[in-house]
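Next comes just one chain, in structure tokens: the form predicted alone.
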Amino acid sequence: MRRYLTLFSTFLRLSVLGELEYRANFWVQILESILSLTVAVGGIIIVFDHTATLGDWSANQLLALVGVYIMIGGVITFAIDPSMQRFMQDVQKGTFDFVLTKPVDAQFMASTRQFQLWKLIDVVLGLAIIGWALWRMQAQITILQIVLAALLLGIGMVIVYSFWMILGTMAFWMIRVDNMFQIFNAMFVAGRWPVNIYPTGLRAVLTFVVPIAFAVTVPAEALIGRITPTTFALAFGVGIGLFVVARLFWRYGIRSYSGASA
């Protein structure tokens, strides 16, 4: 375990040093984050100019959901997406051989080799929006709500990571897997709104095909005290199941990899 923690900290440090070479990216990221937040909050303002609730969600509750959405999106672009892009490039170039020769788990290496430091701005901004929403609601947040929300946020991140890993593993057989990541990113925008406002078919897709509901809506429900034991158990089961599937699929993909030395 200590070796993996050392590797993780080394990869993170190298990524930070690389990002610091281009500090103008920091200001670009701030501008991008502000624009994304403006669009998300502006959408809420426009909707609630015409209605008092949206799918039994109030404006402040939706603001908390937007905070979760921005934070999860920040985690994806900070840690998951950069590593997956690096992994696919290595597979396409045949340089993934060097990863397989290392005396550590290849999936761990593929998942932690690249980070984008400035994307952490979205994580911090998301947390700030959540705090602002809870303050506006004057909510009396219980310890149980905080614990459940934290657990479900963790489960949501595991679900998103596992989903991306399954897609990334397809690089062993396909050339343009990044197109599927673009589809996911396009659908992830739907996470700015609670999934229960969508038609039944789309709701099912966003819950069980592209698991955006478990990553965004469910943690937000726990935060505002609307989570049910059934939903929590389902999220937990989906998280474990998808992670196991991703791991098994990865191991199968490794056996199919020919590499540059083939």
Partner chain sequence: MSEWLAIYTAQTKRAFAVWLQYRAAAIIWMIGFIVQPLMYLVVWTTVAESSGGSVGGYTPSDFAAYYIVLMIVDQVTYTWVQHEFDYRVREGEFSRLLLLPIHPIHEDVADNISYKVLTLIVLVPAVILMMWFFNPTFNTTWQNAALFVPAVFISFWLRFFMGWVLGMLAFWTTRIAALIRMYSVIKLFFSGRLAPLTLLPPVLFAVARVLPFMWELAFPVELFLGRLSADEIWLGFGMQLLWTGIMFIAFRLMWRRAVRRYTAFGS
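Numbering follows the first chain given and starts at 1. Keep in mind it's a predicted model, so treat the numbers as computed, not measured.
This next part talks about the form predicted together with its partner chain, which is not shown.
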Among 130-138, 70-78, 155-163, 182-190, the region lying within 4.5 Å of its partner chain in the model of the complex by heavy atom distance: 182-190
Exercise: T53 in contact with its partner chain in the model of the complex, heavy atom 4.5 Å: yes
Its partner chain contact at A233 in the model of the complex, heavy atom, 4.5 Å: no
Contact flag, G225 vs its partner chain in the model of the complex, heavy atom cut 4.5 Å: no
Exercise: V244 in contact with its partner chain in the model of the complex, heavy atom 4.5 Å: no
Check all three, Q85, F208 and P229, heavy atom within 4.5 Å of its partner chain in the model of the complex: no
Residues from 34-50 in contact with its partner chain (non-hydrogen atom within 4.5 Å) in the model of the complex: L35, T38, V39, G42, G43, I46, V47, D49, H50
